[in-house]
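As a starting point, one isolated chain is supplied in structure tokens, in the form predicted alone.
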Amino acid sequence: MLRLPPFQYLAPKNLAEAAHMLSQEGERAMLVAGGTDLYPNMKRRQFTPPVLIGLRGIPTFKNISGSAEEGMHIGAGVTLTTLAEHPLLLAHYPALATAAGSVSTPQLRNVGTIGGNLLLDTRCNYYNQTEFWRHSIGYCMKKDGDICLVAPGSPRCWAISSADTAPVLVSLGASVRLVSVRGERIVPVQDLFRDDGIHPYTKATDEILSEVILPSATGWQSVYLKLRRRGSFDFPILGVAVSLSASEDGTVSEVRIVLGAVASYPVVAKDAATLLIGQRLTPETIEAASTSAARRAKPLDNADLTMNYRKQVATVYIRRALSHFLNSNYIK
């Protein structure tokens, strides 16, 4: 049986108190909300923080406000189940509802939060193992070792971003509010990530992600497709998020195509989107954009199934995601 290492648990009653605690404890502390990823990582000794600061008792973290016309504010502590079943999200931000509803299992979605999923630790076959297993192979660069076992000749870690909500929020043009004792700032979700398997976030260590801010959904439709071996529980080995806006005659005015689980950050396929802007969605334009976007997917041997299969299926999933807008009659 894997057991948690000893730690002190602090339970702030509001955001200001949480920020103060985090500032006081410094690098000794980690934040926890649902804990569905952090606690297993602690059991495997990927993390051994002496202090945990729990955010579940902060009421504002569970708030959802706004409208589809004006945009929405979602507290970082809102559970994935709540998001997956929320009427406004289902109607106007369906990709986010789908992504939230595809995470893990019902039991874990009842506990896991949007903030925790967005800031999910990067994953790798050589890293997400027990301490005993990792010790037996000499550890990896991400924890206790000095080489990347996926690409031993590389100077960097290639662990991948496997958060279902991350590519969706990037495609929606969402932002997050980060709060610390120094103040607060609003950052586009796309700018929250960096291409680094060990340090994948630009968020400062003393900052707390307090809420997700969705822009107006007026004129937009979205879709999220997820590839995994099993239909439940598994992390994505490919996620495709597309948000699209079209004029009345079906001409694409704006589109964002974002790939998840293919790199250490959500990958935006800008060149593929450019091919569609000013065009109508047809089998030909969809095929061209899908082929272009799939070039951004460069999987390595750090996740389930083979690299070649994951590379080849990227085109298929992007094509399916774009075809969704035709099949749903959003574009006439």
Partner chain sequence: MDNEYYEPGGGNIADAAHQHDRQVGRTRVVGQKKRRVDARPLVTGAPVYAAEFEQPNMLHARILHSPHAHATILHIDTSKALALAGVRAVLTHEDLPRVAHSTAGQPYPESSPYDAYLLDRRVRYVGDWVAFVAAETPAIAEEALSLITVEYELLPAVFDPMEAMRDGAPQLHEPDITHPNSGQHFGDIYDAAHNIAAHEVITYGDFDSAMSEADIVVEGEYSVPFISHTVLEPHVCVAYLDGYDRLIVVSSTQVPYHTRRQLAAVLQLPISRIRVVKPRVGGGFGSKQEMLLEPVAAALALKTRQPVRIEYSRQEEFTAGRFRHPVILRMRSGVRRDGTLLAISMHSIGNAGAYGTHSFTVTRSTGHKTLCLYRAKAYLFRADAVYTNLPITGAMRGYGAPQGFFALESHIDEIARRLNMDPLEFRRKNHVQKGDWDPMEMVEEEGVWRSKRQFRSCGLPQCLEKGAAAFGWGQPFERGDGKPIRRGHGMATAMQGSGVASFELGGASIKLNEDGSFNVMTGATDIGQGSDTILAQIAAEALGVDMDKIIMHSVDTDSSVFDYGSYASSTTYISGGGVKVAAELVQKQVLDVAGDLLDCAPEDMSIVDSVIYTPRGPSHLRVADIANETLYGKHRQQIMAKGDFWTDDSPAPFFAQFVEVEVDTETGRVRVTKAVNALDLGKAINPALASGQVEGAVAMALGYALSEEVKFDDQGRVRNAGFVDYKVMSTLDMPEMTTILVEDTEYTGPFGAKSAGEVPTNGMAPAVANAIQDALGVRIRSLPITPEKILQALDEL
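Numbering follows the first chain given and starts at 1. This one's a predicted model, so the numbers in the text were calculated from it and none came from an experiment.
Omitted from view is the form predicted together with its partner chain, to which the following refers.
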Partner-contacting position among S247, N110, S136, T202 - heavy atom within 4.5 Å of its partner chain in the predicted bound form:
S136
With its partner chain left out of view, choose which of F193, Y126, W220, W158 has a non-hydrogen atom within 4.5 angstroms of it in the predicted bound form.
Y126
Does its partner chain come within 4.5 Å of any heavy atom of D121 in the predicted bound form?
no
In the predicted bound form, does T306 have a heavy atom within 4.5 Å of its partner chain?
yes
How about D206 - does it come within 4.5 Å of its partner chain in the predicted bound form, if we only consider non-hydrogen atoms?
no
Tell me, yes or no, whether G231 is in contact with its partner chain in the predicted bound form, where a contact means a heavy atom of each within 4.5 Å.
yes
Can you tell me which of 233-241, 177-185, 212-220, 256-264 lies within 4.5 Å of its partner chain in the predicted bound form, counting heavy atoms only?
233-241
Near its partner chain in the predicted bound form, with a heavy atom at 4.5 Å or closer, the residues from 299-320 are D304, L305, T306, Y309, Q312, V313, V316, Y317, R319, R320
